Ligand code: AHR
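Presented as C-alpha cells, the chain that follows is alone, the form predicted on its own.
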C-alpha cells in the first residue's frame, strides 16, 4: 500500500504539471537497451485515473527495462493527437494510449503504423475502420460491470409492481465506460416496465460536475430511489448535493447508491453504509501492458484484447479486511 501511495503522489504531481517522465531527446546518456514507450494519458480527473497512471509508471520503469515518455492530455483529444505525433517523431518503440473517446483515431494510428510503431490501447476502447491499426487493447469489460449493477438492482427491488425511479449520472460522453455502463442500464429499463430513468445527467467523470448537475436536478423536486453513478468521483459530488438537500441515502436512506470504480474512499463509504454497491473497475493495467510489450519483443503472438478481473462490493458484505487488501 505504501508503494502505491508513493506512486500516486508522484503521478499526481506529474499529471498536474503535465510534464514527461523522461526527456524527449535521446542524449548521450541514453541506454539503447531500454524499450522506449510513449504514453498519452487522459488526464487526472479522478482517483481511478491517478491509480491507473501509478500502475503504468511502476510497470514501465527503467528497472523493468523501459524509458517512459509521459503526456497528460488534460481531457483534450487534440492534445492526444499531438502527443502521438510527437512520440512518432521521437521514434519510440511503442505508443500506449488511454483514449479520451472511442472515435477519431484512424488518421494518427495510420501515421504510427506507417512509422512501424505498435499502438497499445488501455482503458477505453477505440473504434477504427481497420483494427490492424493498433496492436492490442487492455482494459475492463464495462458492459459486464453494468450488468453486475443491474443484477444487484433486480435482487434488491424484486417487486414488478413497485415503481423504481432511477437518476442516471453519466460519465464523459463517448467514452467506452460511459457507453457500456449506460447501455446495461438502458437495456434493463427496457426489460422492466416498472423501471424509469427520471434523468440522465452528464457528470463528465468529475466530482465537481457530479455535484453541480445533481444539485441542479434536486431543485426540480423530482423523486428518485436509485442513483446509478458511472464513477466514484461523480458519486462523491452527488453525495454532497444530497447532503445539502437533506436527502438521506445508503443502507437506511431514501436513495440507494450504485457507484463504479471501487476506489479506496468509495469502499470506505460502502463499509459505512453510505454507498450501497461499489462495482470494481480495475485500474492496474501496467503489468498487462508490460507483458504485452515483452511478448511483442519476443516475437510472440499477443491477444487483440485483454480484460482485467473485477468484482463488486455491497454495504452488507464488505469488511475492513477487504479494503485493507486493496492496492488502490
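Source: prediction; values computed, not measured. Positions refer to the first chain, counted from 1.
As for the form predicted in complex with alpha-L-arabinofuranose (AHR), it is not shown, yet the points below apply to it.
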If we take heavy atoms and a 4.5 Å cut-off, which stretch out of 243 to 251, 155 to 163, 224 to 232, 191 to 199 is in contact with alpha-L-arabinofuranose (AHR) in the predicted complex? 224 to 232
Residue 70: heavy atom within 4.5 Å of alpha-L-arabinofuranose (AHR) in the predicted complex? no
At the 4.5 Å heavy atom threshold, is residue 45 in contact with alpha-L-arabinofuranose (AHR) in the predicted complex? yes
Taking 4.5 angstroms as the cut-off for heavy atoms, does residue 288 touch alpha-L-arabinofuranose (AHR) in the predicted complex? no
With a 4.5 Å heavy atom cut-off, would you call residue 124 a contact of alpha-L-arabinofuranose (AHR) in the predicted complex? yes
Picking from 257, 169, 97, 177, the single residue whose non-hydrogen atoms come within 4.5 angstroms of alpha-L-arabinofuranose (AHR) in the predicted complex is 177
Sequence order please: the residues of 254 to 275 with a heavy atom within 4.5 Å of alpha-L-arabinofuranose (AHR) in the predicted complex. 261
